[in-house]
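Below sits a lone chain in structure tokens, taken as the form predicted on its own.
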Amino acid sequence: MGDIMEQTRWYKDSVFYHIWPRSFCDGDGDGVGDLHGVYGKLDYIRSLGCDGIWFSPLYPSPGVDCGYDVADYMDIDPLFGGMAAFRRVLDAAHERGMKVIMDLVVNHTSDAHPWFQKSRRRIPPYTDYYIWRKPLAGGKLPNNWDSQFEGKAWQWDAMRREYYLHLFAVRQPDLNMDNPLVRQEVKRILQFWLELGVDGFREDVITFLSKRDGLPNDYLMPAIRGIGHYNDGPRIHEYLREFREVLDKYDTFTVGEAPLLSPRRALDYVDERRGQLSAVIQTQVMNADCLLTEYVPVPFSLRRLKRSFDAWQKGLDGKGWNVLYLENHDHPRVLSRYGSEAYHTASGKAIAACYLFQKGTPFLYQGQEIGMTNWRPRRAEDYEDVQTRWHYRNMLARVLPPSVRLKWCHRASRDSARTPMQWSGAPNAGFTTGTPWFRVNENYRRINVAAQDADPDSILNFYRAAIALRRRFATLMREGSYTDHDPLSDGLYVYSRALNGERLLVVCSFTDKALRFCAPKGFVLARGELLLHSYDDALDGNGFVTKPYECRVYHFR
């Protein structure tokens, strides 16, 4: 490779499919999703119109946080088929014109990683690969920071006789990115996978890498103490620029997970003149029915969702690039949150239309395309997720009885996005011929790929049509302006894209109530072409009365 490769920004015309491997498709019958199963579904993914895949972690891992506790960065877990199976999938994806990006998890490792085991024994050069601190007077914790998953952010290690920092699970110790040897390790990881042929990375909580000097106490964020001292930290851009020494030798797509980051601060990362990332995955679009986390619920507000859409579309316009998403492995199913299970098909289509035609690179999470819904187990013990279990046993237990706590988990748990993919009405939803590692949602006989593939009016075929439209108007999608025509409406989301006299008008209802829609100024519906719609109805002048969760997409010249 040369020193610098031209960045073609191919990702601006791409649509990515997000695979959470453990629950996607089991190809060898052991009950766990794997790369053999992925290989058999590549044509299905391509049939959606997707030309990229993001894999959640495939690395060897004890599985405390379902792969986000990495024990070896340069291998594929035998559970998923090992490196040979990955190479086979990578080659087959490329043969189909599909890109592949990996999950890069370098804020923390597993405590089973050899680096940590050597660090706790003070074996050079690994002694300072992690963030260790002695106890304060009286044996107190080094500071008052909270972890995201399990209580306080410090864990005592009896072997080293010091505390280590863990911003997530207890068994996910944070790496010390201030150590140049650790940054050199990250660059080796990047080089390894890029030389193998992967096309980029989704970089897990990448804005958390740089902790404030001295690790001071945090008195501003009582629910998540510490986050103001490590999110968007003091040396983060220095570190990312160093990683670009490797990335710039390849034509890559790098997507940083950026919790709580505003569009203005995001430009420091994604500005196309000076940024270090191609795009960021922000979290504000997932806060339309909660405060910062799904465990602090509030009623869904379409206004709040639109404010987030508008802020990012306008804030990055002409300067940086957006990622478009409404569902992934870290959040409950969006149809159960922003849509309606009672109006399953209609609300699934409205969710698709509301984000697929914005400016940015869309991501589609496995099962979203068929409107998979939240899972509601009868027992708290059925949950697997470390975050869910901790909230049920600790945070929620302070104020709620068990039956109410369970209902909160039904609404908030990430496990709803991690039940096996519903391929058919066959046993285990067609996910496996063995015993599934995790419980299948009981509605799989009604909601599955096979049934929707055969139904031209299904959510699945609506996604296919919407993505095909996006490709038909690729230049408009990539370069066109964005306008929200009714930001104050609590029931309708109406936006347009425009470029050189060509316009798309997207109308989405987020209610089961009948609402009078009147075309925005400058649009005459009779002069437009109705390209996509969720109900078969004749036009009514320059407006219409919406049916529950109705959506329409018009084209004007």
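Numbers for residues come from their place in the sequence shown, where the first is 1. Since the structure is predicted, the reported quantities are computational estimates derived from the model, not experimental observations.
This protein has a second form, the form predicted in complex with 1-deoxynojirimycin (NOJ), left out of what is shown; the following refers to that one.
- By the 4.5 Å heavy atom rule, the three marked residues 279, 309 and 478 all fail to count as contacting 1-deoxynojirimycin (NOJ) in the predicted bound form.
- At the 4.5 Å threshold, heavy atoms of residue 68 reach 1-deoxynojirimycin (NOJ) in the predicted bound form.
- At the 4.5 Å threshold, heavy atoms of residue 77 stay clear of 1-deoxynojirimycin (NOJ) in the predicted bound form, well away from it.
- Residue contact with 1-deoxynojirimycin (NOJ) in the predicted bound form: residue 201 places no heavy atom within 4.5 Å of it.
- Within 4.5 Å of any heavy atom of 1-deoxynojirimycin (NOJ) in the predicted bound form lies no heavy atom of residue 305.
- This chain is drawn without 1-deoxynojirimycin (NOJ); in the predicted bound form, the residue among 414, 229, 391, 344 with a heavy atom within 4.5 Å of it is 414.
- Think of it this way: in the predicted bound form, 1-deoxynojirimycin (NOJ) has a heavy atom of just one of 253, 357, 168, 463 within 4.5 Å, and the residue is 168.
- Contact with 1-deoxynojirimycin (NOJ), judged by heavy atoms within 4.5 Å in the predicted bound form, is confined among 398-406, 328-336, 186-194, 424-432 to 328-336.
- Along 254-274, one residue reaches a heavy atom to within 4.5 Å of 1-deoxynojirimycin (NOJ) in the predicted bound form: 257.
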